[in-house]
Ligand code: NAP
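We begin with a single chain expressed as structure tokens, specifically the form predicted alone.
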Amino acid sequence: MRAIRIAAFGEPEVMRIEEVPDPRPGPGQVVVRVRAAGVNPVETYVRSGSYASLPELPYTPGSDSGGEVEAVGAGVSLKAGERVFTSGSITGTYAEKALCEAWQVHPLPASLGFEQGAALGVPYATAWRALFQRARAMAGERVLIHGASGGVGIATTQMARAAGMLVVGTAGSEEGRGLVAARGAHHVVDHSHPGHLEQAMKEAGGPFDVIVEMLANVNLGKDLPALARGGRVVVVGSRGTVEINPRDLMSREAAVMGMVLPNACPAERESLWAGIGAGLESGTLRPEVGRTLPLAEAPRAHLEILSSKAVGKLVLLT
């Protein structure tokens, strides 16, 4: 089968498409025939070698995909041919086939295509964990979502709106702002404009109870004055360091909390996928695919995913 392989950490060009042996499932494992693989910003950090936890070389990137069950090991209830999406992988999903643990594989609703399945794993699990498991956001609260036009941002917008929160999203392009509004945000502001946080608070009618932050190294110091008393910032993404004024936290008795998806325990994973599954079934959650590229163009995908004007989920087609 064909797969993207990385033999050395570095720029996007280190990703090369190669022929590798087909994976075979052991007990409790599933081989998925990948039709579409999702691209996430974290995969660019790992590829560059700048992430805190790095895989052994060589490796195949990716954890999200939409496809079909090809083979299963002992003790697995899934059947060959079932439509599924993945939220993790043993061998990586930038490939024609991926070996997964059974708990990483979920039924794909008939209403969703494979590309949409590839847009579910990291974005929707991250959004649910940030909003509900870390921030403990509640109906009636004001929520600001930075970078709301990306995969995680769209997912968070849908979840917050469905849960009864007042939602303000930011996006850097007219197309992105239109998408955020269409997916449930009550108000949308342009984060490239100076004073956009003040505008966001004006639109919301006051400071925010929760801020979901995708680019903390740029925004965190400015986020804190926009918090209500007892407000929470959940840091989902950051590309460097940032300076803050602790008094902004003290006066509001506010909190800044980080999150990385692999820290979710089995009970938390089970809970978040139960919630996401219910949202997919009811139609309140629906992944947005912004752009598709062939598998061989993974280097280009890694350049595009970090664009401030990214809209929806970027997906590789196998």
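When you see a residue number, it is the position in the sequence shown, counting from 1. Just so it is clear, the structure is predicted and the values come from calculations on it, not from any experiment.
The same protein also has a form predicted in complex with the named molecule, omitted here; what follows describes it.
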| query | finding |
| --- | --- |
| Partner-contacting position among 236, 105, 119, 143 - heavy atom within 4.5 Å of the named molecule in the predicted complex | 236 |
| Touches the named molecule in the predicted complex: residue 46 (any heavy atom, 4.5 Å) | no |
| Contact flag, residue 171 vs the named molecule in the predicted complex, heavy atom cut 4.5 Å | yes |
| Contact test in the predicted complex: residue 95 vs the named molecule, heavy atoms, 4.5 Å | no |
| is_contact(residue 149, the named molecule) in the predicted complex, heavy atom dist at most 4.5 Å | yes |
| Interface stretch in the predicted complex with the named molecule - options 65 to 73, 257 to 265, 275 to 283, 27 to 35, non-hydrogen atom within 4.5 Å | 257 to 265 |
| Site test, 179, 287 and 289 vs the named molecule in the predicted complex, non-hydrogen atom cutoff 4.5 Å | no |
| Residues within 4.5 Å of the named molecule in the predicted complex, restricted to 188 to 214 and counted by heavy atom | 191, 213, 214 |
